[in-house]
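Given next, in structure tokens, is a single chain: the form predicted alone.
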């Protein structure tokens, strides 16, 4: 049996300190923020998620702020591989890795009600049934979630699962009170260091320190996250001292960082966790030869050049980020349908009468820009492509919720989790599913792999299946980039997927 706890905490603290020192070296001295004396911060977000229901929505705009700050997972995975307690104060794993027992912390949710074993069982079962594949896939091998006693939950698996264990430190492992589930979309409740005091659509998130928090009280007692969709306006606010950080700077703004020398005036951080692959999506219903011909119109370097992002993005044909071991940069070996415009033009004649609807986002600049490149390139090659530009709210309804997929072509950027494309059966095909039995099996085999070497081999096999089918066609792999006031310390690379941990910051 394995038992983890305080040792992992110490390793995590050392790693956090190292990360902080590395992240904040070299910035120029700036005047103190007027909020420093009050231990408050104002941060900038670019997008309004529309809902805070992390069970049914996988939007990054939501995952940046609610996990880790308001709602905590059972455990935390640190960058160095160590594991820290979360809602679970300790745990045991059987030698055959088929049984996990979590000792639940004696603490309260932010509304003052005690955390119970029943709440934990409810939370895990809710995530098991989540329509977001990234959440539910962690439970593919789970056969039972049971109460052992008033402080212990036992989870039984049908086979060893790397996805399950890692999921307990991610969104799939977030713990909520069952009695408050009805208000999760506007007022999620958890055990994290902050309480969400208010969420005003298209305006702000207001966080205050959680008086019931079980851990070390956060130095920042109150945080405002302003939703500013105009990225330049957000950078202007930072430069004017109106805000203290822009933790996520989308790729369309990267060129400004160097031209305005903001990377010297403020602390520039880059981190892979919130990096995202940008990729074209071709509806699986399209003829495979058509998908392959469309893929040949994609000049990856043109997308990289358009963003002025040579220092922050890499061309790739692999759905992954550079910190994932199965990742490969663009090469003849890893790109089955490389840019070949003449060949694409020759093939387009066969499909000239086939109408293709390109669904593009009108209010997400880092996705409208690649659409601006992609659509004329496809039209110029001779494909019959029509653009349908819609805003994020409408896109969420039409595209993310659409089953079967309600588009022919689109471009997207999001987390690099490969299981989001797994699909158990074709009748469940939707935006976040890719119904290839071969791909799904390769991922399943990787999940159950008994060794790291076998896991990597299976993940490479899955990546190869994905790229050859030309449904998900990666273009570039982006890093996460943020700017912080030089006096605002403590940034920690995200541990719960992409969440920015406000509780680690301090003046």
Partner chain sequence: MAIYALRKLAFFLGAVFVASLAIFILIRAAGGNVAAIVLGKDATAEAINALAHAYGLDQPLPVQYFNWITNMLHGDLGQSFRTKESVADLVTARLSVSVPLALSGLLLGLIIAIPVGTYAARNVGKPSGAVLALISQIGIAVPVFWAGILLSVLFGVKLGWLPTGGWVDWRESPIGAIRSLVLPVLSLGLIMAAVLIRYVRSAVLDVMNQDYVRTARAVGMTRTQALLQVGLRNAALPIVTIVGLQIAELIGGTVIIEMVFSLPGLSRMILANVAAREVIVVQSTVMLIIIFVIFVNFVVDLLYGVLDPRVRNAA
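The structure presented is a predicted model; accordingly, all values stated were derived computationally and were not measured. The term rigid core refers to the most C-alpha atoms you can superpose between the two forms while keeping them within 1.5 Å. Residue numbers count along the first chain shown, from 1.
Beyond the structure shown, there is the form predicted together with the partner chain, which is absent from this document and is the topic of what follows.
Only one of the listed residues (111, 80, 255, 242) places a non-hydrogen atom within 4.5 angstroms of the partner chain in the model of the complex, and that residue is 242. The partner is absent here; in the model of the complex, the one residue of 413, 334, 388, 92 having a heavy atom within 4.5 Å of the partner chain is 413.
Heavy atoms within 4.5 Å of the partner chain in the model of the complex are found in one stretch of 448-456, 48-56, 470-478, 32-40, which is 48-56. In the model of the complex, none of the heavy atoms of residue 308 sits within 4.5 Å of a heavy atom of the partner chain. The closest heavy atom approach of residue 161 to the partner chain in the model of the complex falls outside 4.5 Å. In the model of the complex, none of the heavy atoms of residue 154 sits within 4.5 Å of a heavy atom of the partner chain. At the 4.5 Å threshold, heavy atoms of residue 434 stay clear of the partner chain in the model of the complex, well away from it.
For the stretch 173-187, the set of residues having any non-hydrogen atom within 4.5 angstroms of the partner chain in the model of the complex comprises 185, 186, in sequence order. Residue 262: CA moves less than 2 Å between this form and the one not shown after rigid-core fitting. Residue 393: CA moves 2 Å or more between this form and the one not shown after rigid-core fitting.
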